[in-house]
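In the structure tokens that follow, a single protein chain appears in two forms: structure 1, then structure 2.
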Structure 1
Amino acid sequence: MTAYLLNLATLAAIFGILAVSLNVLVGYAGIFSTAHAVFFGLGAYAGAQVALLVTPDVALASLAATALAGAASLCLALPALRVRGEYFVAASLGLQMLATTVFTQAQSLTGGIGGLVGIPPPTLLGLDVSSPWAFFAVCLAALGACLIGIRLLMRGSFGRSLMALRDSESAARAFGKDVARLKTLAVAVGCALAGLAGALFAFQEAFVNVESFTLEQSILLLAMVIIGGVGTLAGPLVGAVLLLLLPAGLSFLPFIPPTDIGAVQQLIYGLAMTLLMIFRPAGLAGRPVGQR
């Protein structure tokens, strides 16, 4: 039981990083991206390749993943500078579809649908951190660092400028804010952190393929942020934990016949999400728009 709970807790920490990173875009900068799984995937592939070809050091792999995802964030920043709202959603959707195809076709880098197998157990500065407890501690530390970093950023002038931009882009521009620079930086920070989560995910699963970085994953991440509460530090974390643990908890229901388990779980899962949004429209840990 401990191993299972640790696995879930480690996944919750990794998806917590992903959700808080997406919250930088959605919650603080008002950029509704449906392509966050792309940067998660880039990080996972970069981390896996570093582990397979260079060293299984989780710090180095994470650094490479963060750098690659951060650099690739320009692909998302460029449309974000030109369009917003529903037009940007469409543009990010296109990026997600493009990336899924590239992940599938670039077989020498990603292994295609077959994926990358045999990712070695992680080490950290020469120490073995492959045991579930040790790797959970690594992921938890990474999550803690991300939360502290985001809190510091958002409490400073960068964060305040971002939120001004989110609430009214033209007003922010009128007050002399460099909108292009702010948006590019916000996207770079969010995507780089998604890359970090990707590298940790690659070590945790020891196998990565394109099926983990699809549009469904991007939508799930968006749901984590919205259900938890956008524009708050704790909200995305609550959303990530809830959306990961709810299906896990449902799998313990003893009265569901084996052939119906998937359908019943999906029904309860979908119903719970709908009810949450009806009764807590600002998210579980969210604040109404005027109080953010």
Structure 2
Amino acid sequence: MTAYLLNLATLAAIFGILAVSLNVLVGYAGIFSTAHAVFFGLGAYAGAQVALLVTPDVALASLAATALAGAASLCLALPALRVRGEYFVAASLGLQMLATTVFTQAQSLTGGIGGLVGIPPPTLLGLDVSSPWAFFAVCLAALGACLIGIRLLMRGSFGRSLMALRDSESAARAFGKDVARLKTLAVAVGCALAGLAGALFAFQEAFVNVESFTLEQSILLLAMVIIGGVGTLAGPLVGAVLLLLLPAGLSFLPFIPPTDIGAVQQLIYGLAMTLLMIFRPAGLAGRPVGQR
């Protein structure tokens, strides 16, 4: 039971990084992306390849994953510069579908449908961090660093400019803000952090394949941010923990057959998001509009 809970806590830390990284786009910059799992996947494959071919050092693998995902973020930044609103959602949906196909077909890089297996246990600067407690500490430290970094960024001029862009792009441009640069930087920061989460996920699972980086995963990440509270530091963490605990909690209910857990989970996601949009659009951790 301890091992199960520790595995769940480690996944919560990894998905916490993913959710706060998506919040940079959705919550602070107002860019609604349905392709965040693409950059999660790029980071996971990059981290896995570094571990398999070069070294299982989690710092080096995470660095490579972060750099690759940040560089590839241009694929998302380009449509973000040209279109907005529902047109950008459609463009990111297309990128997600394209990437899923590439992940499936590029067998030499991703292992195809079978994925990459046998990822070696992680080390950190020569130290063995393969035990569950040690790797949980590594993931928790990475999450803490991400939260501190995002808090510092959002309290500075960059964060204030992003939020101005989110509230009114036309007004931000009229006040002299470089909208193109702000959007590109926001996408790069969010996607790079998603790559970091991907590398940690590859070491945690010791196996990666395309099923973890599909449109369903992107929607789940979006749900974590919206249910928790967009534009807040704690909201995405609350959403990530709740939505990760949900399937685990459902599995303990004897009157739900194991084969129906996925369907019940989707119903609860949909119902929760609908009710939140009606009664608390700011999310569980967000402040109601009247209290801002």
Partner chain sequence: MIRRRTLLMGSAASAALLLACRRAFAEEAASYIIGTLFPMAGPNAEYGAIFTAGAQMALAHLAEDKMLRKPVELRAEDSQATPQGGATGMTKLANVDHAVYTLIGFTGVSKAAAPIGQRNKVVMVNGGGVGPDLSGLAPLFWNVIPLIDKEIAAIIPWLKAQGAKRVAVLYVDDPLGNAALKQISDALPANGGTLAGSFSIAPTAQQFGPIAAKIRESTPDAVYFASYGAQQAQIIKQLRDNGVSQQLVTYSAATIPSVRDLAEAEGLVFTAQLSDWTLQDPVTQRFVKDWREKYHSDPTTYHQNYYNAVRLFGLLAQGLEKAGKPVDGEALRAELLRVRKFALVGGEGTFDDNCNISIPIQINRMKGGKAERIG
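Quantities reported herein were computed from a predicted structural model and do not represent experimental measurements. Residue 1 is the first residue of structure 1, and the numbers go on in sequence order from there. The term rigid core refers to the most C-alpha atoms you can superpose between the two forms while keeping them within 1.5 Å.
- Here the form predicted in complex with the partner chain appears as structure 1, and structure 2 shows the other form of the same chain.
- Annotation for residue 11: C-alpha shift under 2 angstroms between structure 1 and structure 2, rigid core superposed.
- Residue 267: CA moves 2 Å or more between structure 1 and structure 2 after rigid-core fitting.
- For residue 279, the Cα deviation between structure 1 and structure 2 after core superposition amounts to 4.0 Å.
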